[in-house]
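The form predicted on its own is given below as one chain in structure tokens.
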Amino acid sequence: MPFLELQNVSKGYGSEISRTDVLHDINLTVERGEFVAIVGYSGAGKTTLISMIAGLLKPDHGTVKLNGAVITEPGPDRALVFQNYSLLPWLSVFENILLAVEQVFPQWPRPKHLAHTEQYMAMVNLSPARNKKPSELSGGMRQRVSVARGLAMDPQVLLMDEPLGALDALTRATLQDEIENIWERDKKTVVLITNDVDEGILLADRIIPLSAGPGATLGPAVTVDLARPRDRKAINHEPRFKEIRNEIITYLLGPGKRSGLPTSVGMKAQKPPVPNLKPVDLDARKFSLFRGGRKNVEAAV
């Protein structure tokens, strides 16, 4: 039995008269300890998909199951790392993580709460910034707090909704390496939402493309059978990396392509209409402008 399973899941928004189907007939299985990346267009419904796994949204049709039980609401067995960090601005780094630990493990004594928080804060290299508030942190540091908070909950599944999308390239590469190292250490089940194919290949065991919406659905899964740990410079030269990348992109630009976009072959770009205007020869009139007084200037304007 799959650890995480979505069966014939569909979700839409709007009234019965004017309704948009965002996701249609989603089927997904994830094994325990597997790292799965779902790659797709912006606006295709990736956040809606992961929100249903988190229990924040309910599907219109179909079921979402974790370890055989139907997901009907949020729970500590699923931790969600948001793209926008979602930290409490009045709490420090330590306190943001500690709050989650206290809520998930209320039966623990105070010393264990503190030690557990210290452990996960150190795991993401934030001990020197333990007393800083989110406003005093860079974007990369804020996202580290968010990741540490999720891991400190000791969830069965870690859900990440484009967690690195708002970061610069260098910070993003650093956090990609940290996420891979943390996953190697704990072997949590991870579902990563991203629009970066290379990021999915670097981190995941499988990549599944999500077609463009409306009515988006999952395409064929591709196994990332590259040895770990993965070096981003080295894998760029591996033929298998190029094959995986090409397979995902071919689907996204082919069967999974956004409807209504023109193809590059056999279609001519439509040119917008150009107004029939004639330029004014300013050189021929400059003396009348400067020597003819106010009337000529007003006439030129």
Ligand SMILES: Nc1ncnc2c1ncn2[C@@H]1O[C@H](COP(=O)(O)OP(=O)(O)OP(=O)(O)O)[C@@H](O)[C@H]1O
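From a predicted model like this one, the values you see are computed outputs, not experimental measurements. Start at 1 with the first residue shown and count on from there.
Just so it is clear, the following notes concern the form predicted in complex with the ligand, a form of the same protein that is not shown.
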Contact with the ligand in the predicted complex, heavy atom within 4.5 Å, among Gly62, Gly33, Gly43, Gly55 goes to Gly43
For the ligand in the predicted complex, the stretch among 64-72, 235-243, 43-51, 25-33 with residues bearing a heavy atom within 4.5 Å is 43-51
Is there a heavy atom of Glu162 lying 4.5 Å or less from a heavy atom of the ligand in the predicted complex? yes
Partner proximity in the predicted complex: Gln83 to the ligand, non-hydrogen atom cutoff 4.5 Å = yes
